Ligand SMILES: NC(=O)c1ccc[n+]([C@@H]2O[C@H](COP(=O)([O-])OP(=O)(O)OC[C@H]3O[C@@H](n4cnc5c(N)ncnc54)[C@H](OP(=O)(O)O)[C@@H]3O)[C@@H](O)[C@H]2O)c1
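Next up: just one chain, as structure tokens, the form predicted on its own.
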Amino acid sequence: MPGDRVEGTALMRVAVTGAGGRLGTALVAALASSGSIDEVLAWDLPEHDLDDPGSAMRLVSRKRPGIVIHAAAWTDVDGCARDPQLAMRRNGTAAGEMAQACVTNGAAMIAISTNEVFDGLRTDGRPYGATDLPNPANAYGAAKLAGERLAREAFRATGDDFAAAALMPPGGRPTTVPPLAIVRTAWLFGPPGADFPQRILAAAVRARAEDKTLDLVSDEFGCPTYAADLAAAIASLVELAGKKGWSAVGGIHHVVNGGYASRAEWAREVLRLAGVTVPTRDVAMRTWPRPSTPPLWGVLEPTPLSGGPLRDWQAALAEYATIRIRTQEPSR
């Protein structure tokens, strides 16, 4: 039966797709440091290829993990807008193929998704909860939502019962929750690559060198989330499933650092931590026309987790600054 491996030690063979990416790198590190996980399989190109329809089944059948954390994705949102068919292939269809491979081979799955499954048009100031109805407004969000739905179909989950599982207290969760969890997150930062803090610092250096004002978007809101914190939370879900079974962790989870900010507020905190002074100006997102339009209100309501909520994003960013931002402080 699919999901049988989530009980006991068989779960402790964990595969991570997209292992070389921002979240994948953090996941491999977090899982490797867990005393209850025996083996971490790091899957990335060319071994796992989102463009290859047979890649998932070949890997899962050969490696036989107890659980797959599917973090691989095409995260270039503007690229997705320019080629929505390729976005659907990589972020939708490929997730469904991985889910089917897991079901066929008796593995559980954690699928990583995004706040961009919501359109961001909410004006009541409330964050989006796990049971709110998704309505993506761009190709990236539409493809990720398709991936969620295909995964759920593969595991034969049904809408309301599946979503509600993440909101029930551990003792009250139904035993019929399938061995599938969907983790939505937002505004991920951390190594490797040029994340938002690094891009803002680079833009600030250019603006200062050219004696210009740095424009910052003030009407787009989200939850800055440190990849290391998200990875630790996901590793805790894996450990909890090993101890209590999948009914304790199945369902939809919104996992983000505490609080929320506008892009402008996030950028100013980055500049403050880096000790970079440059004139700034608040502007609307429409100031920079781009192929993809992100949700203006992309704030997620964190799902209660057994280990408690993640720390506020400011504290996470401050730690990250000591590791990466301050050590790369731009000079005049």
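Numbering starts at 1 and runs along the sequence shown. Everything numeric here is computed off the predicted structure, so don't read it as measured data.
There is another form of this protein, the form predicted together with the named molecule, and it is not shown here; the text below is about that form.
Peer 1: Go through 29-37, 267-275, 50-58, 287-295 and give me the stretch that gets within 4.5 Å of the named molecule in the predicted complex, heavy atoms only.
Peer 2: Comparing against the named molecule in the predicted complex, the contact stretch is 50-58.
Peer 1: Are Gly258, Glu301 and Arg311 jointly within 4.5 Å of the named molecule in the predicted complex, each by at least one heavy atom?
Peer 2: No residue of the spot touches the named molecule in the predicted complex.
Peer 1: Out of Ala73, Ala231, Ala154, Ala204, which one falls within 4.5 Å of the named molecule in the predicted complex, going by heavy atoms?
Peer 2: Spelling it out, the residue with a heavy atom inside the cut-off is Ala73.
Peer 1: May I ask you to check whether Arg22 falls inside a 4.5 Å heavy atom distance of the named molecule in the predicted complex?
Peer 2: Yes, Arg22 lies within 4.5 Å of the named molecule in the predicted complex.
Peer 1: Any chance Ser113 has a heavy atom within 4.5 Å of the named molecule in the predicted complex?
Peer 2: Ser113 belongs to the contact set for the named molecule.
Peer 1: With a 4.5 Å heavy atom cut-off, would you call Asn138 a contact of the named molecule in the predicted complex?
Peer 2: No, Asn138 stays farther than 4.5 Å from the named molecule in the predicted complex.
Peer 1: His254: heavy atom within 4.5 Å of the named molecule in the predicted complex?
Peer 2: It does not: once the named molecule is placed as it appears in the predicted complex, His254 has no heavy atom within 4.5 Å of it.
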